[in-house]
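Given next, in structure tokens, is a single chain: the form predicted on its own.
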Amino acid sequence: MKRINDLTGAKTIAIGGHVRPDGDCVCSVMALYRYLKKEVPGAQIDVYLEEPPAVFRILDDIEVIKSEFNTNMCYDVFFALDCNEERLGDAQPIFARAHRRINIDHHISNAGCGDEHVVEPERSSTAELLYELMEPSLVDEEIAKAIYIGIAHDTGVFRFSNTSPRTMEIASELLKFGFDFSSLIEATYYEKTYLQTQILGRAILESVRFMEDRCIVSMVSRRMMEFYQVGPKDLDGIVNQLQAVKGVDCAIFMYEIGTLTYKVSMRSNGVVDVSEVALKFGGGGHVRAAGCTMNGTYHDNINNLSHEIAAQLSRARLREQV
């Protein structure tokens, strides 16, 4: 599928993304929504996604997102973005019923799903890949904004190693639309509420370095989240701050989502392939950024993750000695 332009006859189209949507997911979904409104005028286009973080209210049409999934609709086409079928959460049955299912993603752990898939792990983000699939003449300023924010979020504002020359070329093309890119990134990526800053400080204060200080870990319990009056969306970015500590090869952040159940995020400088670690526990992602859900006590989970990370660090030492 070189272009998103083979939708002749589609009268009903749905778009979905992964659970706990991040910037790339939210922006890709919204960019595709606006694009399809032009590509398939007159079609019913619905967006199914868990409620996105409040910072993305800056995007036009964000109110169209449906966060309730109790529908028996059988769509002509369903686009699953930035994830495989399993990570669609409650939207998975809607995807399964669709007559035509299209998967667009950039995660190396995704083998592709549905009837058609475009999965390109070398891309910085799903937003970048989506842009390449769009007819340039149909891209307007609002689509460009969404694509730009999505790319910026998944590249750490163009700092991560997944930023390629093509990524920068696309960013340059998008900036020609003239929007205030600096304000968009400040509002969606850097700006934090006071409570978000407090929980970030607590997580950093209680972090622990281990494995000869090459790893760092921190955890936020449900009790702590209640005390600071924050939710999962307020914890975005904590793992990146942990990874910024000098000398750290792998950062782990987890928060409690149920009794003996934790959502785990990992970041790496490339020495550790955290996507490989996450896959061992049913998750996935990229070499430098990945996640999973784990059952057990906090300490048991750390021990299990440490076993996989230690094996990779040992292999890295051997390579260094050669």
Ligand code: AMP
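Start at 1 and count along the sequence shown; that's the residue number. What you see is a predicted model, and the numbers here were worked out from it, not measured in a lab.
Heads up, the form predicted in complex with this ligand isn't pictured, but that's what we're talking about next.
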Exercise. Assess the spot marked by G16, R101 and H117: is this ligand within 4.5 Å of a heavy atom from every one of these residues in the predicted complex?
Key: no
Exercise. Only one of V40, C292, V55, I65 comes within 4.5 Å of this ligand in the predicted complex by heavy atoms, so just point that one out.
Key: C292
Quiz item: Just one stretch in 276-284, 26-34, 57-65, 41-49 has heavy atoms within 4.5 Å of this ligand in the predicted complex, so which one is it?
Solution: 276-284
Quiz item: Heavy atoms within 4.5 Å of this ligand in the predicted complex: does S265 have any?
Solution: yes
Quiz item: For K145, is any heavy atom within 4.5 Å of this ligand in the predicted complex, or not?
Solution: no
Quiz item: Do R123 and this ligand come within 4.5 Å of each other in the predicted complex, heavy atoms counted?
Solution: no
Quiz prompt | Touches this ligand in the predicted complex: H107 (any heavy atom, 4.5 Å) | solution = yes
Quiz item: in the predicted complex, which residues of 147-163 put a heavy atom within 4.5 Å of this ligand?
Solution: none
